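Only one chain comes next, encoded as structure tokens, the form predicted alone.
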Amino acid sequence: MCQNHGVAYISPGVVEVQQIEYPKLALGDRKCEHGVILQIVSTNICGSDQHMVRGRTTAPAGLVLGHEITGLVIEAGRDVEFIKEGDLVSVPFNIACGRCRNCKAGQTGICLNVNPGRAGAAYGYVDMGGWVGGQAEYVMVPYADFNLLKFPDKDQAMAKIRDLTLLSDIFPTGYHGAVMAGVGPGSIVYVAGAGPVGLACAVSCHLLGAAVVIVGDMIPERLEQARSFGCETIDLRNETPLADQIAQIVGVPEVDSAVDCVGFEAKGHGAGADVEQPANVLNAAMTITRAGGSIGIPGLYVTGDPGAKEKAAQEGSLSIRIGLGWAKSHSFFTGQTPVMKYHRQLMNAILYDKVQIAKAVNVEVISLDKAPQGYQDFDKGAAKKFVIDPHGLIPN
């Protein structure tokens, strides 16, 4: 039997690479004939993983992390018809059955059959169905024919694997935030957060034809990364109000669309830049978005945050100025990205050189044993997207 190793959450601030069980084609006690086992080619550290590792969720010790997975099929169940052994595939972080009413409507982020606790599931994530994560050497993927995106040419895909690995989550998530915010040709957009998802969103805004993309963050290296592909930037440590800084760029203190790529660990602006204010990005977005505009919210908000300073925030209740959004007739779009809605189109954009997403988000490939250090560097604000290569398959 092959061995398997994975990155496990141990306690706040601590992850370890441990020997874990080699995956089986099984769901509990029954055979999973619709599933496959993957040898993982690449698996990424996500900003939402950091929420768990910081102790800001109810994630249990021992949880094997990782929901961004690209791999080679090495075993397939009897009922898998269209995915074959040897195929190189991208795995949407959403686990979806393809059979329920939501999946049939394209709402694969809220599948009704893969999580007994709520709608929607993901690999290696708290409250998302208990599925084993993919920051490992091998993983089992269910409902393979429905879930997996097969790359049409394996050699071509491996040559662009640093870009294609981002199809499992970050690129579709950034793109979804932009689409839901109504970004299109000529749009003026504000993207809150220059982490990997924020940068992916900014790239997506350009891809969708935005005229001006403004990215706000507090880490100079991340802002520099945003400028590297044509974004305007705002340092949120600046005492000047956000609306006034936007006016300095575009002449008016508002934008057509805003995208929250920060989530519930948001901090204040200016003098409050070191103080956690979980509703700050949402309230700022309503302040600067024009009347009738839309706000996309791919940033994560949780139902339980044991690390929150306010009791209400510990239960996911935030002081949102909903009256302001109502008065301005804003549209709000929340929830997990339905990756399958976008990943094939974004794959083609990568394969046909319409976008260089890995360069934009500054991908750095690390080995599996370096994952704990990758988590530490990411938590310190490194302007990088760490991609784990468990088997040394990614070409230099």
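Heads up: residue numbers just count along the shown sequence, starting at 1. The structure presented is a predicted model; accordingly, all values stated were derived computationally and were not measured.
Another form exists, predicted in complex with a small molecule; not displayed. Remarks below refer to it.
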| query | finding |
| --- | --- |
| Met218, Met286, Ala76, Val126 - the one with a heavy atom within 4.5 Å of the small molecule in the predicted bound form | Met218 |
| Candidate from His51, His330, His343, His34 lying within 4.5 Å of the small molecule in the predicted bound form - any heavy atom | His51 |
| Close approach of Val262 to the small molecule in the predicted bound form, 4.5 Å, heavy atom | yes |
| Contact flag, Lys267 vs the small molecule in the predicted bound form, heavy atom cut 4.5 Å | yes |
| Residue contact check: Phe378 to the small molecule in the predicted bound form, 4.5 Å heavy atom | yes |
| Contact flag, Thr108 vs the small molecule in the predicted bound form, heavy atom cut 4.5 Å | no |
| Check all three, Thr43, Gly134 and Pro372, heavy atom within 4.5 Å of the small molecule in the predicted bound form | no |
| Which of 158-166, 78-86, 219-227, 99-107 lines the interface with the small molecule in the predicted bound form (heavy atom within 4.5 Å) | 219-227 |
